[in-house]
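As a starting point, one isolated chain is supplied in structure tokens, in the form predicted alone.
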């Protein structure tokens, strides 16, 4: 008999792969509906009809959509993301460098936001309904209520223009020291932390307060254990599953949802790379970026589900 944990994990992975296949169909179909013509964008408005026809044939743009989709999907399965139509560069090579930059930005934003959100969530739960809870909730809700670009431009004006503490353009390149890179990305990291902090903090707070109503927590309190120790030793371990879920969702956002932040701060990541090639109507690049974003988002959600399954004591020790 298959263990329930193994069965559930296999089901989550299979569902994720099916979802990724469905997303690939949506991405390919959506890019076909984009207005404009990449051949026209490459050759310019003065190009003749014959030159446009020859370039479309050379790029395979005249093949049926089903054939182009299969060729594209088959290439992805073999690690070939194709060639950029506008410059002839290998997409995987260019995308790999940009993806590494995006992961670098997301890593430092997560390294700050995740522990900070958990700590603030624990403090808010410890003082629920009192002024520390109201202060933390009010500040975090105020930051999440503003769009990323608004927070970005406000931070840029205050910290880069008015007080000149940080650079307004977050450019990093090979050869920079780690300290120089961290100094360059401080502003976008600050914006990303402010954007994702409230959601993780409030979910941590809600999960802790929910567990605090359990009988074993009340028993621990009756034994005279301090409230802080009750939260840390008894409530937090049993609230891990929902906290992990929300953390993974926000980590996925940090990788997938950085497009606006990267454009605001001219950061050389995947978001900026995607926007540049959307403007050029370079469909293979747009499709490749979409698939990478989708794979990261779905993968992190699967990981969150698996951790939640493993953290469930009723599944680890079935009757």
Partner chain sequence: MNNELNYLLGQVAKGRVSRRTFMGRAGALGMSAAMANTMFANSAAAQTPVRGGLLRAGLQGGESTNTLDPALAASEVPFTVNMTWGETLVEVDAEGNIGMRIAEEMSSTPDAKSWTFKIRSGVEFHNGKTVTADDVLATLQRHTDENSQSGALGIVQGIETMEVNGDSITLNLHTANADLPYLMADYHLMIQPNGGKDDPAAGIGTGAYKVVVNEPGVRHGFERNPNYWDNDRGYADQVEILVINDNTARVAALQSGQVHMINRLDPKIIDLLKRDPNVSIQNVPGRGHYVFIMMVDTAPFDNRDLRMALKYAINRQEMVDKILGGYGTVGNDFPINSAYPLFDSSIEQREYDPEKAAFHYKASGHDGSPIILRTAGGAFPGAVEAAQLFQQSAQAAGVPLEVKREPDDGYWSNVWNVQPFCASYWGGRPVQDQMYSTAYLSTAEWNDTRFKNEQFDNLLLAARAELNQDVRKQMYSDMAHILRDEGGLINPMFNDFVDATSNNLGGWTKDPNGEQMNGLALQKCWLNA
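Only the largest set of C-alpha atoms that superpose within 1.5 Å between the two forms is called the rigid core. Remember, predicted model here, so these are calculated numbers, not experimental data. Residue numbers count along the first chain shown, from 1.
We do not show the form predicted together with its partner chain, though everything after this point is about it.
Taking a 4.5 Å heavy atom cutoff to its partner chain in the predicted complex, the contact residue among 110, 156, 194, 123 is 156. Only one of the listed residues (263, 283, 291, 252) places a non-hydrogen atom within 4.5 angstroms of its partner chain in the predicted complex, and that residue is 263. Using a 4.5 Å cutoff between non-hydrogen atoms, residue 199 does not count as a contact of its partner chain in the predicted complex. Shown alone here, residue 173 lies within 4.5 Å of its partner chain in the predicted complex, counting heavy atoms only.
Although the partner is absent from this view, residue 75 stays clear of its partner chain in the predicted complex, with no non-hydrogen atom inside 4.5 angstroms. A residue is said to contact a partner when one of its heavy atoms sits within 4.5 Å of a partner heavy atom; residue 31 fails this definition for its partner chain in the predicted complex, lying far away. None of 160-168, 241-249, 202-210, 135-143 except one has non-hydrogen atoms within 4.5 angstroms of its partner chain in the predicted complex; the exception is 160-168.
In this stretch, 190-216, not one residue has a heavy atom within 4.5 Å of its partner chain in the predicted complex; the partner itself is omitted from this view. Annotation for residue 292: C-alpha shift under 2 angstroms between the shown form and the other one, rigid core superposed. When the rigid core is held fixed, the Cα atom of residue 55 travels 2 angstroms or more between the shown form and the other one.
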